[in-house]
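Before any questions on how it binds or moves, here is one chain, the form predicted on its own, in structure tokens.
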Amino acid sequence: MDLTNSDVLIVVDMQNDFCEGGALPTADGHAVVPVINEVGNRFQNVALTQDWHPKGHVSFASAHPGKAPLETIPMPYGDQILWPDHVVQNTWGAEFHPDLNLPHAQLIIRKGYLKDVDSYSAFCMVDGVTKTGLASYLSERGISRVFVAGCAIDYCVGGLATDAVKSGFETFIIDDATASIDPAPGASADCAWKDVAAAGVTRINSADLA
């Protein structure tokens, strides 16, 4: 697959808290960093997303007395899964993984910074209304194809890829450059891959890229 200047690699949430030793680690977050670095060097256009929660964020179990991580509560925008405190603004956990090396990235877009609404996709908050401006940025840059990698297919990678399709971009997820929270057969990663395929996202490997 030949890459052109109308392609972009979006690296999702490669942050300390989503890797080994973090507050909400994926199964293989640290292992995909070298693949992302190598793939990133093939793209003229690279963007990074950064989950950026304030203290007491609505997605934190600690913000809801008596609730525990992985419980679900109703919110005006739908059901909210509760998580351990993670990627809190201006903490080590919110920083990018120290081995991530993409100095030519042109954009860092933050999400999840509103205290009372969660955000998986970097296109739109989970309320389905609050946009980040990412779609407009990509359109104005002349981007037509979006390639996605990072953490994690189960939530933020899958959500971003699905929204990229909805925004009119041909969209691909690079499997070997993407981590998962639960890769067990029939678990959340498997379900996410089925969902993104149904949405029109194409699954590829780094070796497919020229």
Ligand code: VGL
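Every value quoted in this text rests on a predicted model; they were computed, and no experiment measured them. Residues carry their position along the shown sequence, with the first being 1.
The protein also exists as the form predicted together with this ligand; that form is not presented, and the subsequent description refers to it.
Contact with this ligand in the predicted complex, defined as a heavy atom within 4.5 Å, is made by none of 30, 92 and 96.
Proximity to this ligand in the predicted complex, defined as a heavy atom within 4.5 Å, singles out one entry of 155, 172, 169, 43, which is 155.
Among the residues 35, 143, 61, 181, the one placing a heavy atom within 4.5 Å of this ligand in the predicted complex is 181. Stretch-level contact check against this ligand in the predicted complex with heavy atoms at 4.5 Å: of 144-152, 35-43, 160-168, 61-69, the positive one is 144-152. Within this chain, residue 24 lines the site of this ligand in the predicted complex, having a heavy atom no more than 4.5 Å away.
At the 4.5 Å threshold, heavy atoms of residue 120 reach this ligand in the predicted complex. For the stretch 85-107, the set of residues having any non-hydrogen atom within 4.5 angstroms of this ligand in the predicted complex comprises only 86.
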